[in-house]
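Have a look below at one chain only, the form predicted on its own, in structure tokens format.
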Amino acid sequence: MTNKRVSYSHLQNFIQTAMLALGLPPKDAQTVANYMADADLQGSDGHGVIRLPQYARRILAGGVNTNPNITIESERAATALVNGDNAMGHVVMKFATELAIAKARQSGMAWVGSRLSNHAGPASLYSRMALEHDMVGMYFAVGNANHLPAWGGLDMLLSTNPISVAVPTHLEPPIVLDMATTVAAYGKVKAKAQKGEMMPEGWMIDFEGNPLLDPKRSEEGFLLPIGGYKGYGLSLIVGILAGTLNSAAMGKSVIDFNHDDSSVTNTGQAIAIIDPAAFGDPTAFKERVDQLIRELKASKKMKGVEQIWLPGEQSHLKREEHSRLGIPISAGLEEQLRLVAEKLEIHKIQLQ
């Protein structure tokens, strides 16, 4: 079945209207809507409007604070710990990232952690914020449900724990790495289930070690880490830096927000910003990155490979395509959004 499409402005307006109906202040509703629509615009469809029904359930169940007082708990010249007061994660991370950028402008680099936050969408939304200031952004987070055991174990004690790094360029599209420490983010599993598609082999295995391909049976197994035991180690370290360091949830204390709508998740995140101006001429740095990109893309290709891609390049093209043609919405997702609209007594999403 061919997906229908929705313009960015219609999608953003629909989400913002829903957030207002759920009780968010106008400024926060706009922030959440902007970031959720941006996620879909760049093709991160496991973290965009597909999350609206889940967010709505959690807000209505009291699991999220719609009128938070976000504060800085502790602070030094280049660091800070933000208390998100259980706000929507998008709002917390906007606050934390803007603070980190301001600190990096003064100190050359900065690290800001957050606690008592919530799910905030794709990691690259926040690392990319540094690009507007010709800075490098790095984002880390503890996932909102454990889908990964320790290497060789069966107890779900770790999550997808994503990493994103955004590097500014001069003329080339920016380099934007956005990856889970598992082979696939759980949002992609949810998106596959929504579309009625099977997962590729290598995303998940069942508890007997057999490939698990049906996303609707995802609770019968677990996600696989990237690079085997190395991905497990990376997930652990990211979780310590984004969660344990910030007195946020990690390990057994992580709340599975797929099944629990009312508990405070105490999600932990961290944003690090580097100002290239602290190391020399930022324009010269961006030109050197451009040169490296051209060398990589012009390098000799393996048989059958038509193009060498850089991290974030395909998302950059998705942004252009979806801005031009609209953002795809599957029939299953359209029906879920219709139900949300009915429950909140707001207008339906306007599809092309």
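Everything numeric in this text was worked out from a predicted model, so none of it was measured. In this text, residue numbers run from 1 along the sequence as written.
Absent from the display: the form predicted in complex with another copy of the chain. The rest refers to it.
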The one option of S263, T244, N258, T71 with any heavy atom within 4.5 Å of another copy of the chain in the predicted bound form is T244
In the predicted bound form, the residue from V189, I175, A145, M129 with a non-hydrogen atom within 4.5 Å of another copy of the chain is I175
Are any of the heavy atoms in V289 no more than 4.5 Å from a heavy atom of another copy of the chain in the predicted bound form?
yes
(Q) Can you tell me whether L154 touches another copy of the chain? I mean in the predicted bound form, with a 4.5 angstroms heavy atom cut-off. (A) yes
* is_contact(L310, another copy of the chain) in the predicted bound form, heavy atom dist at most 4.5 Å -> yes
Is R57 near another copy of the chain? Define near as a heavy atom within 4.5 Å, in the predicted bound form.
no
Exactly one listed stretch (25-33, 61-69, 297-305, 40-48) reaches within 4.5 angstroms of another copy of the chain in the predicted bound form by non-hydrogen atoms, and it is 297-305
Thinking of L81, Q106 and D275 as the candidate spot, does another copy of the chain come within 4.5 Å of a heavy atom on all of them in the predicted bound form? yes
Residues in 225-262 that come within 4.5 Å of another copy of the chain in the predicted bound form by at least one heavy atom, in order, are I226, G227, Y229, K230, Y232, G233, L234, L236, I237, I240, L241, T244, L245, N246, S247, M250, G251, K252
